[in-house]
Each structure stands twice: as C-alpha cells, then as structure tokens.
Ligand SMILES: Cc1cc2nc3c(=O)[nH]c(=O)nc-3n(C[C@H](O)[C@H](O)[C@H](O)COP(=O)(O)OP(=O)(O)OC[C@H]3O[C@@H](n4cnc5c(N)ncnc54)[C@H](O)[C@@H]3O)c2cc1C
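The chain below stands alone and is given in structure tokens; this is the form predicted on its own.
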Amino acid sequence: MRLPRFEYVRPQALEEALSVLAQSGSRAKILAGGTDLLVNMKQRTVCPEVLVSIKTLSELLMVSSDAQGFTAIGSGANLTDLAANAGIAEKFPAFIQAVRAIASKHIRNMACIGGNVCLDTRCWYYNQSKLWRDARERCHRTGGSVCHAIKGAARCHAINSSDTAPVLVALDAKISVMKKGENRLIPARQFYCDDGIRNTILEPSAIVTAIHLPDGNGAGRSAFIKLSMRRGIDFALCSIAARANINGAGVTDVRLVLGSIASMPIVLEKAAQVIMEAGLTQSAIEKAGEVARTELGIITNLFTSAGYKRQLAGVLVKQALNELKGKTAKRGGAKA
C-alpha cells in the first residue's frame, strides 16, 4: 500500500514546530519514529495533509532531574536508548520493563517514548485497509453510529494498547504538553480519556514534550506485567502496572492500573483498597484479584472475549501483587 500525498515539514527548533502545528491544526500530524503513524496512513485510517518531523529536535531528547524531585524524559527519546539507560532502570524498574515490552527491538530502534504515550487506539474492525472497512457498515470512528465490537454501544470502544500508559498512571507521572504560547504539566491519569476516538486530551496543535516521573515512586515497589500472544510482535491482551508505598504502618498508597483492556488505563480503586486495609497477605491478594473483576465495567470483546478479559484481569492483579510482596520481603518491609 502506498502512502497518501502529504507535505513534509522538518522544523529546526521546537518553537518552529509549534508554529507549524498552530497554523495547520487538524490537517497536521507529528512524525517521529513513524512506526504506527505510517502504517495507519497506508491503511487510510489517517490522511494528514502535513507531517511535522520532530525526530531531531534537541529540546525533546533530554533526560534530566529537576529540583522538584522529578526525572524528565524528553518525548523524542529513543526507546532502545531508554531501555539501556541504567540510571532510569534503577529509579523506575517498572517503567523500563514497559519500555522493553514495546513491540520488537527493530521497532524500538525507530520509535520514541512520546509515540507510545500518545499511541492511537486500535480496533480490529477499524485498523484494516480502506477496502476492508468500506465493506462494513460505518462505525462511530468512520462517521457512522454503530460499534462493531459492542453492539448498541453509543461510542467507540477501541482499545488503548500503550504499554507505558498504565505505568505512568501508577507512578503518578506528569506529562508536559505544549502548544504555541502555552505549556501545561498534566497528571497522566488526567491525560487519557475513556473514548476510542479521542483517547487523550491532546489538541491537534499541541505536542507532548516530556514525561516527568517522581523519583520516590519507582524503585523496588513497582511491577509491570504484559501478556500477549507473541512476545515482541503483538499488542498486549492485557497488562498491569502496580505500585505500593511501604512504611512502618504497613502498605499504603497502592496503585493497580490495567492497560490494553479499554479505551484508557483502568485504575482499580477497590482492589487497591483491599491491600491497603489488609496488607500484602495471601488472602488479601486473592480477594483483590476477585474484586478487580467487578471493577471493569463494560468490557469489549476485541482481541479476546470479554469473559476471558475479566479472568485475565484478576490473574494479573494477583501476579503483580505477589511480585510486590516478594520485593517487599527482600527489602525488609511491612509484614506480608
């Protein structure tokens, strides 16, 4: 399949890129690694008139620490380079686990972290060739009024398959978003939307410039697990990011976040509360896994059956909590 015609713009500085985006609006798309965007363009799911290349912008390539206790990672940072960064791996092991789980090594060699953070949602009824889509009734995403994944659904239920999104939410990361004349720092949990068509708050004229990870929320108290049919090729059937703070009073501030199961990462509040009340005991872990299945709401049948996804969610919750329990025991933390 050939790419549609487009204008290619390669700005020399971030400010120039923001100016081009401000002028072009929804006609433009940001191009970095292109590992997802170019495939979508060939399938005609997106047909931007302008591609704005940001791959060489030095402002988006930095990794630094600030006075507020955050590690800032530029959105243009290459995934392979990040995966090999020992300093970030020591501070945020779950985040690096998620980075290393993205696609294959060949794709990570090309892709950047900003692309995965802003990854477009996917649906097997939509992410096909135009010829294939035209053979079906128009869905919400193609201007129609039906959802082929969930019959009768009033909106699109395409899935957010970003591997890093649940980790960013679990770690209370913040995402730096810029447009011409404006710079905002948005909590990761507020960045994502439960909408298969517009799954982030990012405007067409804005760009993610960096992610900010709080230094106290990573090392030794976090976990990431991804399950896919074929490692290194497929998107996840389901993933989970988990974090817990440990102090003299026991286990506090537990975060359990599921990915690749809905249009946005799902924060499991009730399952986390079970652990905060009872600790990382085996009985509490079993109960949290059961409670998690009741928190999922409407589950799409995309990629696997909805029933299997509920079962999978419970299993991954227990696996992640057992991993945290093991790490806590090694560090001499709260009684389990």
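Start at 1 with the first residue shown and count on from there. Source: prediction; values computed, not measured.
Although not depicted, the form predicted together with the named molecule is the subject of the following passage.
Any idea which of 28-36, 273-281, 61-69, 286-294 reaches within 4.5 Å of the named molecule in the model of the complex, heavy atoms considered?
-> Result for this chain: 28-36.
Applying a 4.5 Å heavy atom distance criterion, does V208 contact the named molecule in the model of the complex?
-> It does: once the named molecule is placed as it appears in the model of the complex, V208 has a heavy atom within 4.5 Å of it.
With a 4.5 Å heavy atom cut-off, would you call I107 a contact of the named molecule in the model of the complex?
-> I107 belongs to the contact set for the named molecule.
Applying a 4.5 Å heavy atom distance criterion, does S161 contact the named molecule in the model of the complex?
-> Yes, contact at 4.5 Å.
Any chance V50 has a heavy atom within 4.5 Å of the named molecule in the model of the complex?
-> V50: no contact with the named molecule in the model of the complex.
Does the named molecule come within 4.5 Å of a heavy atom in each of S75, C112 and D120 in the model of the complex?
-> Heavy-atom distance to the named molecule in the model of the complex: all three under 4.5 Å.
Which of the residues spanning 45-72 lie within 4.5 Å of the named molecule in the model of the complex, based on heavy atoms?
-> Only I54 sits within 4.5 Å of the partner.
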